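The chain below stands alone and is given in structure tokens; this is the form predicted on its own.
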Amino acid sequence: MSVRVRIAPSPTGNLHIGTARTALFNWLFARHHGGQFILRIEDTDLERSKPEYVENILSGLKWLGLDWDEGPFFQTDRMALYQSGIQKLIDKGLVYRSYETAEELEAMRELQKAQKIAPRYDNRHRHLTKEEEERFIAEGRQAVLRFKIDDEREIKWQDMVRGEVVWQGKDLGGDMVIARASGQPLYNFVVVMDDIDMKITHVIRGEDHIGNTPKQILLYEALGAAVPQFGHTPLILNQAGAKLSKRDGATSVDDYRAMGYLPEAFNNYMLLLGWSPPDTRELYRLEEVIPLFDSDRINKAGARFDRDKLNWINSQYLHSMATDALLELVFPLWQKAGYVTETDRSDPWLLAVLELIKTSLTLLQDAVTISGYLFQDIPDYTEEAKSVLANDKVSLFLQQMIAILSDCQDLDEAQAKAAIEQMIKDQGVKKGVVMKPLRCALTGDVHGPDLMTSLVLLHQKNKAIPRLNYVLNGFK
């Protein structure tokens, strides 16, 4: 049997990180088994589905590198298929028209609530006579289509993640609506029809779908189709152990892309939210995971989303990235910040800047904030830096540094280090007494990347001496 799995997002919002992780697990499962990964857009919610959300889903999956083998298929293009399935169930006597008004259904629920009975449809229109139906039609009532559920039926399946799962028919809420009065087919039915038509063999999805599975199994059987294997993955939780929601911050893939996370790092972190690696490693690229991935290592327990862990993983990918590849990602950010123009793209000085700051990066956007002092003519001096530079002896250090730089057009790090060591010796002070004010004068802050490299880079762009003079002139 050839493995065929699918991801089926609804375009009623941007690509959610939970959907992205489900897509990742399905993609890995398909690739591990040499099968097919299919993309289906479940757009039957006509009021809330929007083209921009479709585009967001597609671009998000592409950004993550989760290429699909078939699709995207759109449910709104498949109505003829659904109608044929409904007619098949009607012909088998498994579906009937139900004419209750909204007020009647609400009264039924209120009565059940008063009697402390679990809410469910009581199947009252399952056996309507022809005369009763005609009367309801004459009253102008619109009928929904309900699928008959046997309360005495036991439904069980061997879940790929959770082992044997058993449901009782009486716990499924009564006969199930599969189509609205408008004729619009509903979720549980169209999902089954799609999966049958697309020959889906394994359905890997979040545990919030477990309650749908017994209903869908009954529909597979009623339609005379083979039931796929199901696997229900753990939910992604917040730090308090509740289901992750917008109240917890960013929840869409697009949010994390905009914040400066790499797709490789994001995939890596999503992988660890619900899958246990076979060793103690925490950094995995997708091509390394494919031969290792299978459902037996998917966890049952919910996975807590940890932004600090995601940040650490992202930083490791940034630190290990080839500098020229990193430049391709950072250059547009520098352009947006006004640091560079297109004519600067081939300047080797930019690679040197990235080499300097690379190990300080957590997010891509950090490259803008951390490197800003190198691009500015005059940096923004912090109050702490100004306090350090207020010392009377500082001017002596800065004047000597100006003299050194004026005599050395092609400064390298070895020369810079030797010059500063000579200056420390000449002044008869400890190293920190010179280095701290020099850093503050050149960078505008008491902390930052390596000072020697910063000095060389600034001098190469004729920015070092003007800054020292700026400080000597009282920040004017």
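Note that the structure is a prediction, hence the values are computed from the model and not measured. Sequential numbering from 1, following the sequence displayed.
Although it is not shown, the form predicted together with glutamic acid is what the next lines describe.
Residues with any non-hydrogen atom within 4.5 angstroms of glutamic acid in the predicted bound form fall in just one of 391-399, 88-96, 185-193, 269-277: 185-193. The three marked residues, 382, 445 and 467, fail to reach glutamic acid in the predicted bound form, with no heavy atom of any inside 4.5 Å. Comment: glutamic acid is not present in this chain, but in the predicted bound form one of 209, 120, 257, 202 has a heavy atom within 4.5 Å of it, namely 209. Shown alone here, residue 10 lies within 4.5 Å of glutamic acid in the predicted bound form, counting heavy atoms only.
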